[in-house]
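Below you will find one chain, with nothing else, as structure tokens; this is the form predicted on its own, and questions on how it binds or moves follow later.
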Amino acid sequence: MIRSGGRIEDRVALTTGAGRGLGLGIARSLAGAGFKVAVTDIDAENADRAASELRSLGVDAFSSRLDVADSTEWKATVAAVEKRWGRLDVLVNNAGISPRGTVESTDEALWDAVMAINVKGAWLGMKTALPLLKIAHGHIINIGSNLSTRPARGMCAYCSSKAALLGLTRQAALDLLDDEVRCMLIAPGWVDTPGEREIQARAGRPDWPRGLRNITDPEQVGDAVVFLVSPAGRRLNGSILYLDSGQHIVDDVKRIYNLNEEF
């Protein structure tokens, strides 16, 4: 029995950063599972294109520009979801940035930007969507990283933000236990997205991920979201689900991805 009530095709999901890449893959998986989908992104054109793609496949979807660090935009977006569908069952906090920088080289503006998007944005989404999620006994899925629990060279603000997101996930799971709203974090490793390809190209690897194995694709992350919000995942709460082919348990990334050079 689905605790949120109703058939799965009656249920509604909102995904942030869904204009392309990982967020779009998640939106596609939710749509394929029968969800109505609100596609949000700070890039309104990308959000519009993504929602149009879903509608062309017969999915009930709409798009909204959303700067996740802005509480006013969150309120407007959640209000639009409520007006259109009258409910919200799943919130996926996917929007995030991953700039490089060490403790020494990261400046205050960069630190603040990463924390605003990667952590504050997720908290604002939870806070704003909770009235609807409580009614639905819904689900919050935060998209973290396997770096939520381990450091990586030159990624000070990013790793710190993902560790904070894991803490927020666990806190929300506890705070919302009596409301029957579950909160989980998915921790991918490398995901093949346009954004990651751009990062790798700037680092001198324009053909990434050619030659590598065990790279995750966005729809696989989306399938994990669908699992967590399905009856099969109903006993998972406050959990971290790693999708990194085991990278988080080994010291040498080459063992997982078959790298021939240092990354």
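Just so it is clear, the model here is predicted, and its values are computed rather than measured. Note that residue numbering follows the sequence shown and begins at 1.
What comes next is about the form predicted in complex with a small molecule, which is not displayed.
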- line: TL;DR on 29 to 37, 231 to 239, 48 to 56, 61 to 69: the one with heavy atoms within 4.5 Å of the small molecule in the predicted complex is 61 to 69
query: Heavy atom within 4.5 Å of the small molecule in the predicted complex: which of 126, 176, 191, 78?
result: 191
field: Listed residue that, although the small molecule is not shown, lies within 4.5 Å of it in the predicted complex (heavy atoms), from 157, 90, 95, 184
entry: 95
message: Using a 4.5 angstroms cut-off on non-hydrogen atoms, would residue 196 count as touching the small molecule in the predicted complex?
response: yes
message: Is it the case that residue 135, even though its partner is missing from this view, gets within 4.5 Å of the small molecule in the predicted complex, heavy atoms only?
response: no
task: Indicate whether residue 117 is a 4.5 Å heavy atom neighbour of the small molecule in the predicted complex.
output: yes
query: in the predicted complex, does residue 43 have a heavy atom within 4.5 Å of the small molecule?
result: yes
